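What follows is a single chain, given as structure tokens, in the form predicted on its own.
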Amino acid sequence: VSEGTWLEKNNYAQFDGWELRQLINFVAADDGVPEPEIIIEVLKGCRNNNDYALATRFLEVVRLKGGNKMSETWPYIMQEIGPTMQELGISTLKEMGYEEPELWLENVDDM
């Protein structure tokens, strides 16, 4: 999702729940990691819709979009969106214990 095509045309904070879910599906289907500005606007929309669970799942999707470069992309994204998350009262995935799946096991190919 490119910053120019979405931020100029949409005000995510005014989206209803259905529109936010459609946008998140679009972001999940896209090959790239969304820009921090887009992530911030989606989080504002989730907060305006009082949908904390959707904000959490969106953060999980964004984190996983980093793929093999997650260790580089996720800290940068958190640095950029952290102040907004604090302002909106949204906990980080690490604070909620969602950085690793509950039943996560080491990959047998990495052993």
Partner chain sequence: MLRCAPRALKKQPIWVAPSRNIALTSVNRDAPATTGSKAVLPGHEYYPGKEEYSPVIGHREIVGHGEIPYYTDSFTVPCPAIRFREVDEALGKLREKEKGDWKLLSLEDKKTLYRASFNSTLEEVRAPSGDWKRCIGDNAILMALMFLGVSVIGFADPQYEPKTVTNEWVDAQTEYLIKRRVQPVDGIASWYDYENNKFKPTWSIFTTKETSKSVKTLSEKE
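Keep in mind that this is a model prediction, so the values were computed, not measured. Numbering follows the first chain given and starts at 1.
The form predicted together with its partner chain exists for this protein as well; it is not shown, and the discussion that follows is about that form.
J.: At 4.5 angstroms, heavy atoms only, are L54, E95 and E100 all close to its partner chain in the predicted bound form?
T.: Judged in the predicted bound form, L54, E95 and E100 all sit within 4.5 Å of its partner chain.
J.: Evaluate N48 for contact with its partner chain in the predicted bound form, applying a 4.5 angstroms cut-off between non-hydrogen atoms, and reply yes or no.
T.: Yes, contact at 4.5 Å.
J.: Determine whether any heavy atom of M78 comes within 4.5 Å of a heavy atom of its partner chain in the predicted bound form, and answer yes or no.
T.: No - in the predicted bound form, heavy atoms of M78 and its partner chain never come within 4.5 Å of each other.
J.: Is E35 close to its partner chain in the predicted bound form, meaning a heavy atom pair under 4.5 Å apart or at it?
T.: E35: no contact with its partner chain in the predicted bound form.
J.: Is the gap between Q86 and its partner chain in the predicted bound form 4.5 Å or less for some heavy atom pair?
T.: Yes, Q86 lies within 4.5 Å of its partner chain in the predicted bound form.
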